[in-house]
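In the block that follows, a single chain appears as structure tokens, in the form predicted on its own.
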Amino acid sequence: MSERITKSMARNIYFGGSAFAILVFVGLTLDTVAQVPKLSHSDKITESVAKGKNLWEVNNCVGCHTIMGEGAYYAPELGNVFERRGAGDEVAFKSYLNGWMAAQPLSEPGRRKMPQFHLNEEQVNNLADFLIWTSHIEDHEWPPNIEG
């Protein structure tokens, strides 16, 4: 072998490396697409969950809160709020969320104020169903601490 790389050797390295990278990319993409249904549990999306997601978007909750790290970091992470505030009990969580939403805005000094959205009980329950559904998505231990 010569000590110098020829044009044909460089071309072969370039095309061989590119083909290898493309194959790895396609393989990882197919693996990810195959895993999404079992990780997201999209089969459990009910009408109530969809309405709750719509409320989340219409009221721009993501403008202050995050879900699984996506959104603004002004207010707490809500991907794990069902475990934090409901302890895994749907009835207790819905009761908590109804009371919390009705009490806004709180007037505690030094606390950020959450607006009053004037949601009725059905809307808050839909939002709770969305947050409960979100809490069941495999998030690989996100957030790193319980309070988000």
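A residue's number is simply how far along the shown sequence it sits, counting from 1. Note that the coordinates shown come from a computational prediction; the quantities given were computed from them, not determined experimentally.
The following text describes the form predicted together with heme C, which does not appear among the structures shown.
- Site annotation in the predicted bound form: the residue of Gly69, Pro37, Pro115, Gly27 reaching within 4.5 Å of heme C with a heavy atom is Pro115.
- Of the heavy atoms in Arg84, some are within 4.5 Å of heme C in the predicted bound form.
- A residue is said to contact a partner when one of its heavy atoms sits within 4.5 Å of a partner heavy atom; Ala103 fails this definition for heme C in the predicted bound form, lying far away.
- Among heavy atoms of Asn59, some come within 4.5 Å of heme C in the predicted bound form.
- In the predicted bound form, none of the heavy atoms of Tyr73 sits within 4.5 Å of a heavy atom of heme C.
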